[in-house]
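Given next, in structure tokens, is a single chain: the form predicted on its own.
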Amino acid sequence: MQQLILAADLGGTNVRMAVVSPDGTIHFRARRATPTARQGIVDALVGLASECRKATEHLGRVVSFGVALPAVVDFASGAVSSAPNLPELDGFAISGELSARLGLPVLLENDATAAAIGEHWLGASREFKNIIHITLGTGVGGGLILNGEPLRGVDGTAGEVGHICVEPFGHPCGCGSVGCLEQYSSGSAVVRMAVERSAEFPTSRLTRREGLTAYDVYKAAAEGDELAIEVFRTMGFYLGIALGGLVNVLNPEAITVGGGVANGWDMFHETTYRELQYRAFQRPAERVKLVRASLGDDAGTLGVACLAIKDLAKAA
């Protein structure tokens, strides 16, 4: 019977969980909608863990639990320092609560950093040692791998790519600043820009305001809608500005782009790469590879599973 890892990716909309073996094989997946209260989130994680354990008890014994979450993490205490998209978790020592209820060691990781680790372990950046990973979802997240190891920074905030300022007098951001990348290259930004600019394109089919999604904008762009195409061009332009600056600072080998908005890759990546090339120093810009992430929704769960597996190896 082998040792198994429970790995969860807690998002603002859904909680995903998987059972992973040390070689990265995913044996079982489960998911639920993310509750809105602190205790509800804990109960959902515990319930999913019980479901996963029961489904894989014939394969081995679960020995550790890793949780990726959209938050700045205090690694010393196992608490959430700040979670803008899940503010009910601010200051909550969630790792201790989960450990007590499940009887397992629990480790936490920022979700974008976890995705970067997952892609580096088994995904699109596994051949490189210096990577920037970008997650384009409801917001914009980032994870950094330097010399093969995740960079978290002294306060755990390294990689907050979504809060790089790309428009100094731009749209207000939930972080308290204005003009952040998250306000121009996220799924919510795609929808907002489509609505804001609709008057410029009176023949656009994106006339519906209520319930409009980033996927609706993508479908319209794929069908030739001028407004939708311009929104994705704008989104890619701002992403390229941010990535050009990051290439100058970090000189990575590769930039991987994942998250739900990356499904619209064909609508923005050429604009993004062109802007990156324009903004960055020539040699680093020519070297860096801009690639779409390959693990999809599994990136974060595989990332925290990788961390748990390494912890077990150290303790052995």
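This is a predicted model, so every value here is computed, not measured. Don't overthink the numbering: it's just position in the shown sequence, from 1.
If you look for the form predicted together with a further copy of the same chain, you will not find it shown, but the lines that follow are about it.
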Of the options 204, 177, 213, 99, which one has a non-hydrogen atom that comes within 4.5 Å of a further copy of the same chain in the predicted complex? 177
Among 104, 72, 107, 222, which has at least one heavy atom within 4.5 Å of a further copy of the same chain in the predicted complex? 72
Partner-proximal stretch of 40 to 48, 26 to 34, 63 to 71, 250 to 258 relative to a further copy of the same chain in the predicted complex, 4.5 angstroms, heavy atom: 250 to 258
Spell out, yes or no, whether the shortest heavy atom distance between residue 235 and a further copy of the same chain in the predicted complex is within 4.5 Å. no
Could you tell me if residue 158 has a non-hydrogen atom within 4.5 Å of a further copy of the same chain in the predicted complex? yes
Flag residue 85 as yes or no: does it have a non-hydrogen atom within 4.5 angstroms of any non-hydrogen atom of a further copy of the same chain in the predicted complex? no
Can you check whether residue 153 is within 4.5 Å of a further copy of the same chain in the predicted complex, heavy atom basis? yes
Sequence-ordered list of residues in 160 to 189 near a further copy of the same chain in the predicted complex, where near means a heavy atom within 4.5 Å: 160, 161, 163, 164, 165, 166, 167, 168, 169, 175, 176, 177, 178
